Every structure is written in C-alpha cells, then in structure tokens.
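Only one chain comes next, encoded as structure tokens, the form predicted on its own.
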C-alpha cells in the first residue's frame, strides 16, 4: 500500500496540534457545561430554599391543625425568574395538604429521590411534573404539639427555564476566552514551527552554496532533533567521497597499467606488418600472448574494482559455497587449456551467508594463479572442509613456489612475485579483500616438494 505523500511538515504539525486543541476544547466544553449547570443550580437553589424557609417560619401548629399564612416575601424571592412557573404545598403530619397544589410529587417520592433522605434540612431533587422538568425543595418541621405531633412538610418547586438561561450564559462567557486563547495558541504554534524549521533552510542554503566536488561534512549548527539528519547526510557524502576516490584510483591504475601493454602490442603489430612471412608468424604469436596478458590485466582490474564497490553495498545472502567453487572451477578451466583441476570435499552442501559474487571472484583468482604458476603435469588440488566456525578452502599447485621473503608482500596491490611476468599483481590482493569482507583469513604456504597452497578460512 502506497503511503500518502507529506507535502508540508508545517501543515502536518499544525493539523496535529489543531486536532489536539479541538479535543481539549471538547473536554473543556463538557467541564464548563457541568460547572455552569452546577453554578446555576446553586444560585437558584438558594432562592428556592429561602422561599421554603419563609413558608416554614409562617407555620403555626394548634390543636385544631396546622395553620399557614404564606408571606409575600416567600413568593417574591422567585420573581427573579419571570419565565418560570412556581409550585408549592404544605403537608400536615397526617398527610393532608394544608395549602398549595395537592398533586405535587408525594413526599415519599421526594424522600426516595433525595440523596440523603429527608430531615430537618432542605433536600433538592428534579422530577417530571405536568410535562416539564421541575426543581423541588422539601423542608421538614417537627411539631411537639400532642394533638398534631409529627412532621410538617413544605414543598416548593420551580421550572428550570431561568436556570438553563443562566447556565447557557455562563457557558458562553467561559468558552469565549478559551476559544480566543486557542486561536492565539495556534498562531503561536504556527510561528514557532516556522522558527523551528529555520535550521532546515540553513542546511539547504549550505548545500546549495557548495561546489559539486565539495563532499566535506556539513558543520551547520542545528537542534538535537535534526542532528541525525545531518549525520545521515555526512555519512552519505563520506561514502560517496569514498566511491569517487575508488573510481579515480581505478581510472588512474587502469591508465597506468594499460599504457605499457597497449604500446607494446601496437609496436608488435607494426613490426608484423613489415616482417617476412616466417617472422610474421612469430610476431603474431608474441602479439597473441601480449593480447592475452592485456585481457587478463583488464579482468583483474575490473575484478578489483568490483570487490571495492561491493564492499560498500554489503549485499548479503545465503548460498552454497560448494556450488560457488564448482562454478568458479568451470569458468576458470574453460578459459585455460591443458590443465587438470581436482576438487574433493566430504560435504554434500556448504551453506553460507555472505556476498556470493565477491567470493566467486576471489576463488577464480586463486585458481587462475594456481593454474598459471603450477605445472601442466601436476593437477591443481582443491579441498573444502568444515571447521568449528565455518569452512576451510585449500588450493594447492606444484609450481615453483614463492620465495619466503616475498610471502608477506605478495598480497599488496600491483606487487608481483619474482618470475611473474603474466599478471598485474592484483590476484592475491583481490583474494585478501574478499576474505576480509567476510571476516575470514588467508594463509599462503609453500609445499614440500615444490608448489604453493592458498588456504581461505571463512566463517559461516
């Protein structure tokens, strides 16, 4: 699935911050709404309780019954809410309604809905009455008159219109500053993001001002969050610089190594043109040997460049080392005539993880050296065995061997052993590079009776 393209980091950050602010505003809205409702209830509950208390203070309990004279102040307290309707009643200890609306919710229902039951202090509750939600307060007064002993209840109710209007007003007044602060905060975030992204502009300017050949590390001062990006750019430019240096060295080495053989080949061909028939055959044979030497030199230069290039790629995969050796033997022997190669191994397969192409190039160079410097009468012996940590590959020939004083230097680039007039001195250097890339080891030894053994120790 293709990921959507991020067109603007600033817009992405602003969108995420805006979403966060919106969620915060929703949370603040619910909190402000609950607070506004609570504040409105507390304000009007005081008026409602004051009205019930004024009625309670006008109660008179006599042997004949409960008498009440509703004071004007009891009703005037609720006049601040002209859109609301008011209900009240007084219930005697015997359950009879002394005055007021007899169909109000019964005191038992009020006791059930009140959170702490009923008692001498007032209790508030909401209930549905005549199709509207009404806020009620119930206040009890206990009588000690033997004729009317018990509790007298005052019940006063009011619709919630004024409460809702006050709650809405408080909510709006609290949300307007929040909305204004959110807008200001988003503006500050927009400016802050712009300031935070300025180091990227400086990095771009520093890169744009450079010459194409300048691959030195960036020294631009950036915040800690951008430092991994600068380190990644510097690492990439360092690897690119290494590849360019590798290419330059390859071109220089190629030009240096090819100039002399090409000049000699041209001279030989010119001499063939002017030679007699008998000398021409000899000259063509010499030119043919020079062309083969030049071809081998080009192969080694390309192989050396390949090893250097793939060292930075690190293309690691699983393969069968035994199959790689067999392939290298086929390719090398097919290019050289009258040579015998014997490959022996007790292993059915040799699974390994590494760069197959690099190891195959190394093995072909070892084989080519053994076939070139060995004798045609004796076969080149190849053996593959397992070790505790990997494999041991040994290639032995019966040539003249290598002088002991040259064993330590034959792995250097363009360093040829004494008597080697065919190679460019790159074969063993290529082998060492390939083995080093696989954390292995190369051992070069002279054989008893003449010849050389090259051993590659490769961890799996």
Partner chain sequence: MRVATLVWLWALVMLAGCEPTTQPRLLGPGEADQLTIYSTTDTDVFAPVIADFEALYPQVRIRFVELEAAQLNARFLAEERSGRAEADIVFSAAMDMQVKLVNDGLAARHTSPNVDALPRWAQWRREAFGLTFEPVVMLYNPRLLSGRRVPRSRAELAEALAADPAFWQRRIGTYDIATSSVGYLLATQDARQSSEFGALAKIMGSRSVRVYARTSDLIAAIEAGEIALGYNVLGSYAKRRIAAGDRLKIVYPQDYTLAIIRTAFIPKRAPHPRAAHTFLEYLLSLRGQQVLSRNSFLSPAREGPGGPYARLAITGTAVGPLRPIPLGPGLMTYLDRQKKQRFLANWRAMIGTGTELSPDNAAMSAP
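Positions refer to the first chain, counted from 1. No experiment lies behind these values; they were computed from the predicted model shown.
One more form of this protein exists, namely the form predicted in complex with the partner chain; it is left out here, but the text below deals with it.
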property	result
Heavy atom within 4.5 Å of the partner chain in the predicted bound form - residue from 184, 172, 244, 263	172
Of 54, 435, 68, 39, the one that lies within 4.5 Å of the partner chain in the predicted bound form (heavy atoms)	68
Candidate stretches 129-137, 318-326, 236-244, 214-222 - the one whose heavy atoms come within 4.5 Å of the partner chain in the predicted bound form	129-137
Exercise: residue 298 in contact with the partner chain in the predicted bound form, heavy atom 4.5 Å	no
Proximity of residue 34 to the partner chain in the predicted bound form, heavy atoms at 4.5 Å	no
Non-hydrogen atom contact residue 346 with the partner chain in the predicted bound form at 4.5 angstroms	no
Non-hydrogen atom contact residue 188 with the partner chain in the predicted bound form at 4.5 angstroms	no
The partner chain in the predicted bound form: contacted by all of 75, 86 and 159, heavy atom 4.5 Å	yes
